[in-house]
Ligand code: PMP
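Just one chain follows, in the form predicted alone, and it is written as structure tokens.
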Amino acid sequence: MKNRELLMIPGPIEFTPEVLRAMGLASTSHVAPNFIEVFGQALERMRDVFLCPSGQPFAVAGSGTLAMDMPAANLIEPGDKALVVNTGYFSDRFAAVLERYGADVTQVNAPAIGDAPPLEDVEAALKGGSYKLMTVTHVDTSTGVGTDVKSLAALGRQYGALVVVDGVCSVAGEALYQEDWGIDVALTASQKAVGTPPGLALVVAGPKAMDAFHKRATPVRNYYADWNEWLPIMEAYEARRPSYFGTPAVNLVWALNVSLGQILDEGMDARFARHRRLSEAFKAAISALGMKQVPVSPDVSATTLTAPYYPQGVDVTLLGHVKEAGAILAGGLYPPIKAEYFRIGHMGVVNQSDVLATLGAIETGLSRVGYKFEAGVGLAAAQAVLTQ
């Protein structure tokens, strides 16, 4: 479609025509046989996308914040100790959610904005206390920092903590092997790399997490998020039986099932590799344009988004010029540096052409705000990666 800007923010993202068509279908009853089949299939496909064949999937109407709320509400009882591996705004949020349910929260902070806590600091904290639960933000959307989830999960297992991974900006984009890596709960939201419009909280809980849930001694302190209410519903739909607790987001579930099918058709390893390649191209272009990034090194840089600092003398007005040139980007989010940087999402169905078009729009925007650079240098750097 002409005169249409690319939506290149860290969610909501661009969606395939097939997903959008599913959103536009006439709504069915939530207990209609065809919807029961679709919901059951979507739950089964969630296990394959999360790479957790023994996990219990939950797909509930709500945002990514609800997805964070669910493991906290169902696994934490007042006085339980929780460890938060903090890399930014959404790690702060997880700490606040855990505290709301009465957890005694300890945070392991990064040594600087744009960095991740060293593994030895996390291990020292785990050694120092008997934690029921540890949360890890796989990709903090506020900073573009990605964590070493595999190594952190191994530490959590070693010291007996349930490992909860906030994969809102990572699931189906960043490499994440939930069962193989020993992650007890992974969660995301529909509008990120999963490729479905906003409105679904998606959670997969492994056997250890479900066992801890069943053994809790006190009632769950959140009515809507209570797995006691939702577990029979998810089990019923997988068994292709009608059930009811709260009305599911019917059209979103139809769209989710389409998107999950497309993801699995691509293949998870192939999908992870595609995201890495596009990310490397984008970051190479940003570096060639002389812009620094919030993550302090490639080792802690997310795959699903890029977070560049504005060049000296450039501010948020750049984003308006980029939009006029054809791409919608996101401003900063993390309060200490909010006005100093911006964010570009490249996940889901984003392809090579989208990356190059967005970089062309960024170069146009930089030119219009008076930033001096060699025209085409960013595009050339990206192409060098993409044509390898």
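Start at 1 and count along the sequence shown; that's the residue number. Only a predicted model underlies this, so the values are computations on that prediction, with no experimental measurement involved.
Another form, the form predicted in complex with the ligand, is not on view; read the next lines as being about it.
Only one listed stretch (236-244, 282-290, 137-145, 212-220) carries heavy atoms within 4.5 Å of the ligand in the predicted complex, and that stretch is 137-145. Distance criterion of 4.5 Å from any heavy atom to the ligand in the predicted complex singles out 169 from the list 253, 149, 307, 169. Relative to the ligand in the predicted complex, residues 90, 93 and 191 are all within 4.5 Å by at least one heavy atom. Not displayed here, the ligand is kept clear of residue 29 by more than 4.5 Å at the level of heavy atoms in the predicted complex. Proximity of residue 351 to the ligand in the predicted complex: non-hydrogen atoms within 4.5 Å are absent; the residue sits far from the partner. By the criterion of a heavy atom within 4.5 Å, residue 68 is counted among the residues contacting the ligand in the predicted complex.
Contact annotation for residue 64: at least one heavy atom lies within 4.5 Å of the ligand in the predicted complex.
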